[in-house]
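What follows is a single chain, given as structure tokens, in the form predicted on its own.
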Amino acid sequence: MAKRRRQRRIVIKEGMSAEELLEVLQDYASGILEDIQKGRNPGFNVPNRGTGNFIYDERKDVIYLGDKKSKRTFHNVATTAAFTQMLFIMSVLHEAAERNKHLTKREIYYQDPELFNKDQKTSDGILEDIAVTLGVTRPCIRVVAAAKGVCIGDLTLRESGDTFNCNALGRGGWSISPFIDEVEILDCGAEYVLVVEKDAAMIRLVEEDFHKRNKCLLITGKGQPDIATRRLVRRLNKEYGLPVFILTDSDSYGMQICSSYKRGSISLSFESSYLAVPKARFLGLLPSDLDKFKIPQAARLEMTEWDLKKAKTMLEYPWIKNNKRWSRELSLMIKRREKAELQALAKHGITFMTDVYIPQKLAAKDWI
């Protein structure tokens, strides 16, 4: 009986200059041209980014991309379109690198909407395929997405020659730059990072000057976080050793968001080493907190079928199944079929979250 090969994870490069990108793209183009000239079927070996090709490192508590690959060739009905789309986008990336420019994902799509079946999700997926095929993070291919995250607190930064402190930009804070790796962190007076799922909770924290009274940085990705927000959180943890605490709604979506900050996500598992913060702590709102902090029944919501399906799927993931507290909290949510927003804490008073809930949780070290 043949011995089963142990799956390995894909190693991704985190930094690349425009000149290096040009060289890599030219090497691929030369290989395609050589195949054509010699009568071979040109193609790409593309790592699979689906649910069947990830590795969970239990010791590090991080999700990585496995090394399974599929062949995309020109003379194959099933893969011709994807091959053509990859080759086209590579030519666009080559032009941008030659001019030392960056592109947005939207600009890539509008290069030829018809080629992408008038669906930007197609071009976005191809961009990720190209990055992982080249063995680099997406910022390396000089494509950025519109950043939506916000940071406020005692953090001094320099970007494009401008120096500023995130406490001196009004209540709106600093709109996290999509070019986050080009932002220099000069000084940090905060003792920890508090990541908040949504804007609504962030507004309450800022209005109560929570960041000033507690010497922390407040960061929100406004729902599912973008790459720049996740990268900033990782940089603050890795470069400054700041502990990271995460606040989300008490629902399966919130737990998934927390997990993506902490372990990475399956869809972007090739970038986990660049984005994940394994030591991040899930502070709340935990399902068990609903009773512990006496959240009234009227402030609790019934889970939808989508919520339940998502929660049950998450319960089977090894990073949930192997963690007793995560599994217990998720199972409690499913059993009770109820969820709640962070704002439900306001039933006890509008400052209850900032004056009671968060301080008590931190003092008791009641996190996952």
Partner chain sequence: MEQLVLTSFKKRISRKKAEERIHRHIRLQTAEELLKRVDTGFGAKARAPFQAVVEGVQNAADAIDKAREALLRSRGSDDYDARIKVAIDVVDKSRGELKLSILDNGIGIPRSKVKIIVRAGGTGTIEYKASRSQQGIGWKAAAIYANQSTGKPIEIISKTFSERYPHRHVYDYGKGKVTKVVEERYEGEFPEHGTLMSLHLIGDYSRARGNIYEFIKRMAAIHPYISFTLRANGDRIEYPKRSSKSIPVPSPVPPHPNSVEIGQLKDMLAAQVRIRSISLAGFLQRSFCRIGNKGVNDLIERAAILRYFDSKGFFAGDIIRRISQSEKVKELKKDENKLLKYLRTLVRDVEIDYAMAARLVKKGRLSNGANIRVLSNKELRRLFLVEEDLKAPFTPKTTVGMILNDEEKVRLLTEALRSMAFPAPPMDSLMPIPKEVLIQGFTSIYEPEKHAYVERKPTSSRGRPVQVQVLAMYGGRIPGDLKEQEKLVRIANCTPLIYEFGSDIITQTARSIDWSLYKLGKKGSLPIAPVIFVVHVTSPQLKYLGVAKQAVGADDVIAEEVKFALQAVSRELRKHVNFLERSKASGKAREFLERHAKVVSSSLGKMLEVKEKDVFERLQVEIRRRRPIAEGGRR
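Here the structure is a predicted model, which is why all the values come from computation and not from measurement. Positions refer to the first chain, counted from 1.
Form predicted together with the partner chain: not shown, discussed below.
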Quick check for you: of 230-238, 135-143, 69-77, 214-222, which stretch puts a non-hydrogen atom within 4.5 Å of the partner chain in the predicted complex?
69-77
Give a yes or no for residue 26: in the predicted complex, does one of its heavy atoms lie within 4.5 Å of a heavy atom belonging to the partner chain?
yes
In the predicted complex, is there a heavy atom of the partner chain that lies within 4.5 Å of any heavy atom of residue 40, even though the partner is absent here?
yes
Within a 4.5 Å heavy atom cut-off, is residue 175 in contact with the partner chain in the predicted complex?
no
Interface membership of residue 51, the partner chain in the predicted complex, 4.5 Å heavy atom rule:
no
Of 295, 190, 130, 87, the one that lies within 4.5 Å of the partner chain in the predicted complex (heavy atoms)
87
Going by heavy atom distances of 4.5 angstroms or less, which of 55, 32, 334, 314 would be at the interface with the partner chain in the predicted complex?
32
Taking 205, 348 and 364 together, does each of them reach the partner chain in the predicted complex with some heavy atom inside 4.5 Å?
no
